[in-house]
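Listed next as structure tokens is one chain, alone, in the form predicted alone.
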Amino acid sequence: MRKLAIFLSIAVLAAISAVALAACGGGGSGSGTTSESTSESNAGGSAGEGGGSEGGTLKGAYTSFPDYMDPQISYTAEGWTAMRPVYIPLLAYKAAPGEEGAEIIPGLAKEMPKITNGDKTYTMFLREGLKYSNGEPIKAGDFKYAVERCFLTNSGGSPFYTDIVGAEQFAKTKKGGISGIKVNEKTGEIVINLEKPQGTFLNELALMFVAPVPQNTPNEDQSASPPPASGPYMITKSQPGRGWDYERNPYWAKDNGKQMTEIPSGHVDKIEIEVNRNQSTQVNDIESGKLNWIFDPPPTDRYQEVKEKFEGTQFKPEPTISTYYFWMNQTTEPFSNKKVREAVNYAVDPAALERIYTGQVVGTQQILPPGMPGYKKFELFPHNMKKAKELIAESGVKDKEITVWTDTESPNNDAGTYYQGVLKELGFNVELKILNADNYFTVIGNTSTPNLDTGWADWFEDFPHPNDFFDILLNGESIQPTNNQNFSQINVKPLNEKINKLAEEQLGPQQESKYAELDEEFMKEATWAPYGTRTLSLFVSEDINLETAIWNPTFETELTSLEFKK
């Protein structure tokens, strides 16, 4: 998933693919004495396994506000990390690091689905007696509404669910509901019928997009007033652009947590997240104890300093399954010209970008990142500026005005400046637009935005399946007017068909080989100019237990894992 506005990203997921934690405000680690209410609120999970202190208020910081604080719409690591402890889908990813964190477990559903009808029908039952944080019962119909709300809000995640019977028609008309989802409010039965088998559908049922919400939730962005929670925490205040706060969901201990014992209840009583645009100040605040956790890595000019001083005690580098790249809009000149796209790929130097990211990016020139099934290293465009200029001359393109887009977060802003320089060297007249990271992906995901020529982006895994790096990002059928993720707007019918066919199959060695071939086919089209895969980090104050803090491959920092030391 395109998860990190900085990254993420993870982002973010997932993968991302990472959220906000913070200081022991109001009492620090010493404030974490376990009251009766605190110990009750840990009913759903193993609260004190790490031997830390229970309770207290954590204070954290993000460099930018999430794209949306709304489970059906958010598609960044910032948003997914933030909402991970708040909204639970029917299925969920295990709160664990590494491969274990990609394991799918029952969430609001009693058990894993029964799959029948040639892998086209999924049957589940909602757990009984579940409640939202406002006391309202969670109903089977809330799942159906959540899926429909994805389409009603033009969510970037809606293409995941177009193979549900009736979903494609509903996407067009926004009327009549999705006929392929049948629910029984009395028994809690949920039956989902697909048009064709979908090898990733279990993964997609575990994504935030289809986490149930009350059916009176408006079909518009709810970032300023997020829906009631089904998870261990609820968002009590959300101020877009400024920050948000959490408290424990009172119905988690009473009802939900007692049934969902595999989902951690968390250790702290409150979390307060602020948006602080100055990443260096965030580092200072971690060192002083003013903050307990920061979402984004330290800025590039302080990364090595922090790593050398705190690694192993307060700081952990975290490799990710991600691809950083420059997209090129193939619907307009000059990037509708394949020779121009090839030239850009030869001109972009991953080694230079490794230096810009101070070693936090490992150079690559393909779509699938290392660690993703189907990855097979190749290099079609070794850095060669002379070759790039020859291709520009052959293309016949001269003196073209180009707009390059990137966001404000370090070092993405520097990557955009570098890319501007590369395009100028190729002979283009280049304007650089650096947007506030809060709404960067919203702006470039709106296909009516003027001058969407080329720019920076990243993608962190939603789940460990190569289709996640092709279907929404590169399938022409996934292009949509708002919240679009196919920034290059590539639409090559034979490649679309290959994506669709592979998506129907269960992943195995043969399919992995085909995804590796698909990776090379898209790069022969010079679809993107990929330049690296990212390492992120977990950085906490000295009174947070680093040993028990969990980094999940899709959700990054598991906020429920953060605890104060005794």
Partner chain sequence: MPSESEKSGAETTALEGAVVSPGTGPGGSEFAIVEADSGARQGGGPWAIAWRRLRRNHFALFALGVFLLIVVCCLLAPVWANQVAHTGPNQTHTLEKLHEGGEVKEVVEPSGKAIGPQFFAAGGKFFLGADGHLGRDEMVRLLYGGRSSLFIGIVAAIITTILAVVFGLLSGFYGGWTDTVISRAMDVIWAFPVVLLAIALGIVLAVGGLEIGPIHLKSSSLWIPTLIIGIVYTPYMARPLRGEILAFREKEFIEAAVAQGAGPSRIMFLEILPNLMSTIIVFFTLNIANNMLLEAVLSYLGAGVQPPSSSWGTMISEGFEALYSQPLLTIIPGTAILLTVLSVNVFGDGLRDALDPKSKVRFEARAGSSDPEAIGPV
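Take the two forms, superpose them, and find the largest set of C-alpha atoms that agree within 1.5 Å; that set is the rigid core. This structure is a prediction, so every number in the text was calculated from the model and none was measured. Numbering follows the first chain given and starts at 1.
This protein has a second form, the form predicted together with its partner chain, left out of what is shown; the following refers to that one.
Only one segment in the set 137 to 145, 366 to 374, 433 to 441, 87 to 95 has residues whose heavy atoms sit within 4.5 Å of its partner chain in the predicted bound form; it is 433 to 441. Each of R302, I356 and E401 places at least one heavy atom within 4.5 Å of its partner chain in the predicted bound form. Only one of P334, P411, P466, G257 lies close to its partner chain in the predicted bound form, with a heavy atom inside 4.5 Å, and it is P411. Of the residues given (S179, S280, N117, T187), S280 alone sits with a heavy atom within 4.5 Å of its partner chain in the predicted bound form. In the predicted bound form, its partner chain sits within 4.5 Å of a heavy atom belonging to Q420.
Contact between L380 and its partner chain in the predicted bound form is not found at the 4.5 Å heavy atom cutoff. Contact check for A352: a heavy atom falls within 4.5 Å of its partner chain in the predicted bound form. Core-aligned CA deviation for L126 between this form and the one not shown: less than 2 Å. After superposition on the rigid core, the Cα atom of V86 is displaced by less than 2 Å between this form and the one not shown.
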